[in-house]
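Below, in structure tokens: the form predicted alone, a single chain.
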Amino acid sequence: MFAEAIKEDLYSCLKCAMCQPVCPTYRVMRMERYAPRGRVQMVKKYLEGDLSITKSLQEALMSCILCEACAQACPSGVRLDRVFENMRMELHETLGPKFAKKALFAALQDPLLMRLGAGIARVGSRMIVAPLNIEWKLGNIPLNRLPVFNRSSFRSRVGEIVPAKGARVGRVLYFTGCATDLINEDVGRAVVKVLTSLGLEVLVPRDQVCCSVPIFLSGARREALPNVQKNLDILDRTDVDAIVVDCATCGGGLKKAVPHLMEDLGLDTEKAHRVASKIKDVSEVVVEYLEELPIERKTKESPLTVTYHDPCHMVRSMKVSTPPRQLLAAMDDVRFVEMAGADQCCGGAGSFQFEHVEISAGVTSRKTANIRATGAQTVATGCPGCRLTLTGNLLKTGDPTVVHTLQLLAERLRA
């Protein structure tokens, strides 16, 4: 099951430890088993027959956040992220997923089940958690800080074709992802408002499904294939200029992880690469038309102080860092302040924060300390998972609010 081409990377590791200072889990735990170098040696020993798959080995290898910082820092070019992704499949096939993961995978693979679960969660939040002000935590996040699900699917209400405002200058396909469709409709409205104001027609395929990154990065690579294939069929179009995402995880998955998945499983990658070539974060698209953006000029007497957090999948998988900052700089009434370690992981990493609570808390505490040091009133970012983590951990009086960069921009467009 382990891709032969990736096995070779294991013998390129020089054990130089250049990966350790950038690894968020090692910085918290300070143990070799939580460092990329240590994990590589465990994978190598397993493939050589000197280690068996056990719960202990699973815990050590699954404690990796898959932030890709180690792969970026490696002087030998070891594709550590792909090594660990392949090993996760070995773990999954041997030990199987826990019940909670099985339930999550089932929901992500079935849109109807996902929407049913979202509806139940919305009712529970409004009728139980909010009225009783329940302070229990899910991982490190208080229940009353979890987002409330949309009344109904964003895609079902926005329509499959949203016309451009004024003369049409282009057409984009909007891959909303699960978060915008079911939870963050405010982000979806902001994205559509900004894109259409630029003269872009926005196509929103109603039958798109979960990108399946949470499934196949957990090791369930084969289980993810139906969703992956369906999305590739929907997205492989010649009549759009770009495929736009507002979620770093979806973007990184479609641009990088899906082609790697297909390659590792020995499947045809042609369609995956065609789709990947058109994937763009929404900030990239907006920056291309920045001069035409109808931004309302506001006074700078009391500017809003904003800092920016780079989601791991955006800054490393998608290689997008500058465009969101350019958008913030274009707003007259925003004072942008760069935080220390802006591109370091926030500790959320999807379900990681609920499965590895102690490690996640240590990683997140570094990020929240860096945010507070800026004195910012608002944190902008481009990942719903990061927004969930930061909103759930910035709990002190005076802590900033957390928003998507496009929300700030949409608020400043002229009517």
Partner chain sequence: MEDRVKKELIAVVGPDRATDKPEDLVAYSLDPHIEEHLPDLVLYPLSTEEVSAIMKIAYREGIPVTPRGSGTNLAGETVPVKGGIVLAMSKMDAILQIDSDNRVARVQPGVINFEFQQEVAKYGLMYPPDPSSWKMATMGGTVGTNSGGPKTLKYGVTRDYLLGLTVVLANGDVLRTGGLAIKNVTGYDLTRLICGSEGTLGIVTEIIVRLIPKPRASRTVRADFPRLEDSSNAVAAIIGAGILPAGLELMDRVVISAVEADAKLGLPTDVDAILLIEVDGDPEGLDAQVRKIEKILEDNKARTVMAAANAEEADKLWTARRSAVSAMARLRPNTALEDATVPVSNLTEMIRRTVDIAKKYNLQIGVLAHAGDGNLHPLVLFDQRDKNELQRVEAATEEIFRAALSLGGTLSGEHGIGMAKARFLPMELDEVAMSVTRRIKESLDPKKILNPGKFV
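Computed from a predicted model, the values in this text were never measured in an experiment. Numbering follows the first chain given and starts at 1.
One more form of this protein exists, namely the form predicted in complex with its partner chain; it is left out here, but the text below deals with it.
- Its partner chain is not shown here, but in the predicted complex it comes within 4.5 Å of a heavy atom of Leu57.
- At least one heavy atom of Leu14 is located within 4.5 Å of its partner chain in the predicted complex.
- In the predicted complex, Met31 approaches its partner chain with a heavy atom inside 4.5 Å.
- The closest heavy atom approach of Met42 to its partner chain in the predicted complex falls within 4.5 Å.
- Here the chain stands alone, but in the predicted complex its contact with its partner chain, taken as any heavy atom within 4.5 Å, falls in 67-75 among 258-266, 221-229, 290-298, 67-75.
- Residues of 195-212 placing a heavy atom within 4.5 Å of its partner chain in the predicted complex: none.
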